[in-house]
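Single chain ahead, written as structure tokens, the form predicted alone.
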């Protein structure tokens, strides 16, 4: 997969520009708060996901303007394609290959990218929701139908939670939980099975990446932990039965709490380094290396499953790595299209873009950067 051109108009602070990246490494440099990360965020949006910085759609529009328009030309599935977004009134409208799409979910999986920024340390530092989001986001790019399964699960979960809040006032409603339990168990089991399959592919690759990053001095361990009694060797029907039984056993607790305490929405990925919980005992460097290994493994797994490498977006990552880790990272990304943001150009690249107060300029490869 190759990003051939990127156009942004009224996107955050960026001035209306069309850039043509190189197929290899592209460096985006400039001082802080000039708009470097905005370019990566813009590229990431074409995966169909939300901003990796948690921004709302309206925040992506240049101050004082009513809309933002972004467009890419890319090569994927052995042909040239286009994808355009109009961001307006808190929504994104997509046009893929000149065909308007009714739902954003219809473009998921068409353009694939993996992003790593300092904010992604939350994968280790924060709660299970961040790690579930990681696995769900990765799965949606590989198998867009998974997004439909998760959406149905969440819709059923919301209905069940609303019912749980009403039952204390209307006890006769308790009998209707049976229907929702069966439906939640069915969708949850299907999603859990996909998560298990994905983790089985991701884990060996993440181990290998962490071994390389740490120089073989440390060992990474990953485990997908289900809170409803499911195990990795269960079939989909067995997972469904385990989740259904857990929902039934916890009905009284759920009614008391007013929400569902069992299900895939409470699962977690356990991350250990040298046998210790990385969240509680990992150093800053170990946590960063673990997240980087997960992201590299995500990219490698996505590439294997899709048959073409995803776009790699690295936001201010290299400055936190020592030279040996930088060299290792760049060697492993050889052959992929990479976008790296930094304050000073420290990586040799075919294309270097300088961002100054939202203005993006491509610096010629032979131009002297010493006075920049």
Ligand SMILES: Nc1ncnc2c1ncn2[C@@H]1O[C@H](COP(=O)(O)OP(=O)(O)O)[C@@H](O)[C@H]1O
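Keep in mind that what you see is a predicted model, and the values were worked out from it rather than measured. Residue numbers count along the first chain shown, from 1.
In what follows, reference is made to the form predicted in complex with the named molecule, a form of this protein that is not presented.
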Practice problem: Have a look at 61, 317, 43, 329 for me and say which one sits with a heavy atom within 4.5 Å of the named molecule in the model of the complex. | Solution: 61
Practice problem: Classify residue 35 as contacting or not contacting the named molecule in the model of the complex by the rule of any non-hydrogen atom within 4.5 angstroms, answering yes or no. | Solution: yes
Practice problem: Using the partner position in the model of the complex, report whether residue 344 sits within 4.5 Å of the named molecule, counting heavy atoms only. | Solution: no
Quiz item: Taking the shortest heavy atom distance, is residue 31 within 4.5 Å of the named molecule in the model of the complex?
Solution: yes
Quiz item: If you check in the model of the complex, is residue 306 within 4.5 Å of the named molecule, heavy atoms only?
Solution: no
Quiz item: Among 318 to 326, 331 to 339, 66 to 74, 52 to 60, which stretch has residues with heavy atoms no more than 4.5 Å from the named molecule in the model of the complex?
Solution: 52 to 60
